[in-house]
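Let's start with one chain on its own, the form predicted on its own, as structure tokens.
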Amino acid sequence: MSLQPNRLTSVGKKSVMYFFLVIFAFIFSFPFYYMFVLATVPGTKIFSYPPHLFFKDSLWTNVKALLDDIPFFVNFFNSAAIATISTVAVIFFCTMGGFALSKYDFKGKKAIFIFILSTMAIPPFLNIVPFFKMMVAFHWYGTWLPLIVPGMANAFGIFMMAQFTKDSIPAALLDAARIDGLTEFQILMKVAFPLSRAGIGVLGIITFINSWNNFLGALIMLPNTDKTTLPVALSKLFMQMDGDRGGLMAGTVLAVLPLMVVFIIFNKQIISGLTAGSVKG
């Protein structure tokens, strides 16, 4: 009988917690729901009052208007290709750099690590003008290279993989690999990469999402509509006074949908990667 009050207290706390979780889930998910709803509303009625809260039947009309206004599939391919290439390059070079900083001792290692971390404190907007001038001098303006090459070995990725490989790869395993005759590059490919899959998964997903959403870089470096990425193409459509708002909303949904699919598929891997190494025993 003495346990009943405690059980009631526990049930009450859980009920309150679930109540607030439901409210927060609704608050954060409603904008996405409303975005999908507006993609099915006729373009002339998007700003009508009262607002539309349920799906309509104009989705394909809006998609057709979108395809008429911008080269959607070309922009989509550009975004997907740039994000994929960037992700693969960042995974390779950041894992290599993080592995070297965490598992090798060499002169100036601490100074290099501090220098890499210090670059994260510089606001990105301060680099716009010198970055633009450098890319023009390299004759990279108007190509994908400015959106891929400079970020291949970024400070965040190197720091993340250095912290991850520091605890996930035992030094004894590396010594055993050297005794077996593996070169340092073979150790990286056959030992470091397989044992860092959780961290690589998180870094890859973060890189893909950031590259897909890279608006400023694509806006500056890819001025042509048929060569730019999807976010920039949609922004130009938004700035057109006579642009179809229904097509814009359909394009926004199609631009966000790949990111939502990636997150839904890999959400467990994201959580496991972020929590890896947090519990030791």
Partner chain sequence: MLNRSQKWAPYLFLSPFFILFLVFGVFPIGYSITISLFKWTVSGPQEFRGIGNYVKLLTTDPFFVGSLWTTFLLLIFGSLLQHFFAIPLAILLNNKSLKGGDSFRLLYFLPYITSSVVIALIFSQMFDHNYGWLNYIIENVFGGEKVKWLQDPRAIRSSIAIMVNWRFIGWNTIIYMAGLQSIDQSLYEAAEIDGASGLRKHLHITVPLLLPIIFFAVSLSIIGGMQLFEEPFVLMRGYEQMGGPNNAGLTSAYYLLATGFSFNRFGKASAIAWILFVIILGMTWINKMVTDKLQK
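Positions refer to the first chain, counted from 1. Just so you know, these numbers come straight off a predicted model, no measurement behind them.
Not pictured, yet referred to below: the form predicted together with its partner chain.
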Inset, instruction - Please pick, from Ala177, Leu101, Ile169, Ile91, the one residue with any non-hydrogen atom lying within 4.5 angstroms of its partner chain in the predicted bound form. - result: Leu101
Inset, instruction - Check whether Lys133 has any heavy atom within 4.5 Å of a heavy atom of its partner chain in the predicted bound form, and answer yes or no. - result: yes
Legend entry - Phe185, heavy atom within 4.5 angstroms of its partner chain in the predicted bound form: yes
Legend entry - Arg245: touches its partner chain in the predicted bound form, heavy atom cutoff 4.5 angstroms: yes
Legend entry - Distance check, Ile112 to its partner chain in the predicted bound form, heavy atom within 4.5 Å: yes
Legend entry - Residues of 115-135 having any heavy atom within 4.5 Å of its partner chain in the predicted bound form, listed in sequence order: Phe115, Ile116, Thr119, Ala121, Ile122, Pro123, Pro124, Phe125, Leu126, Asn127, Ile128, Val129, Pro130, Phe131, Phe132, Lys133, Met134, Met135
